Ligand code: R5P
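One chain comes next, on its own, written as structure tokens: the form predicted alone.
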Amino acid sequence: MKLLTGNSNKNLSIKISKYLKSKLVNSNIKNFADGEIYIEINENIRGNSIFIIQSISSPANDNLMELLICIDALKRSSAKNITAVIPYFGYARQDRKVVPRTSISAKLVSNLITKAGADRVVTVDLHAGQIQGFFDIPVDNLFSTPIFARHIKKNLKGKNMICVAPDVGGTQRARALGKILDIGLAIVDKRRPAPGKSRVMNIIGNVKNKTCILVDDIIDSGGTIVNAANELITKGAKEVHVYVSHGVLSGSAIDKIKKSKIKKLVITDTIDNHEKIKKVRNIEVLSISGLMGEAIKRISNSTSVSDLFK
């Protein structure tokens, strides 16, 4: 087994390699003057099982193309098998046609990864579980819920808590965390009048005098989460803690969070945000490296990955 890292999240790749006590493959990844990506593998990988670690985060198109070229380079270097480890699967929100004459981009990206030569995909908290069916190769979808549950038990112990889904689509995710914590569930009734904009219509459930645990898979511009947190406080919630797997944090998201009613936003390091948030007090990052490292080890040893979540 060998690990190769792309440029999207080298910090996470280093942590995973330390967990597995395995050095990263010596490689050279650079851009030509016109923006084309060049990749060279500087050691023999013939007959090895290779895990390429690369998030499809901003700049999404560059990082996706880098992943595809890495897979192609590994295939042409006679790797035995190639696993694409994609902590954040970009384009996952485009998993269906919401209006006529649009692309189902998540399916296209799945096809590209498969055609490039990947034999397996490992990812974290897919936006929609059905994306696994877009692939004709095995997909391991890991969950950050146990990591969040441990953090909540350690830091919010003894508080009167309730799990909150930011919309109806996130109910299953919130219910799973609530089950581990043995607490109730509330749902934010949200409407989206336009892409990137949301409006809270109602709160389903009693949140008065409770510590709300708002859980979601992605925080992008921050509008949905901030609006939901503000409405929860208006409805009498004592405080709001937000747990999100992927901190996309585009545009003015960080400023919105700093000025919001959110007591603490907890994200994972599936996307490298260390430069963006190093001076922000109410944002905390939990590492997903142990979970991903253990999954990689189990895949390499042909043992169960699902046992991680039992």
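Quantities reported herein were computed from a predicted structural model and do not represent experimental measurements. Sequential numbering from 1, following the sequence displayed.
The protein also exists as the form predicted together with the ligand; that form is not presented, and the subsequent description refers to it.
Exercise. Would you mind picking out the stretch of 156-164, 130-138, 215-223, 229-237 that comes within 4.5 angstroms of the ligand in the predicted complex, counting non-hydrogen atoms?
Key: Contact criterion met by 215-223 only.
Quiz item: Looking at Lys107, Arg120, Arg93, Lys75, which is the one with a non-hydrogen atom within 4.5 Å of the ligand in the predicted complex?
Solution: By the 4.5 Å heavy-atom cutoff, the listed residue in contact is Arg93.
Quiz prompt | Proximity of His151 to the ligand in the predicted complex, heavy atoms at 4.5 Å | solution = So His151 does not count as contacting the ligand.
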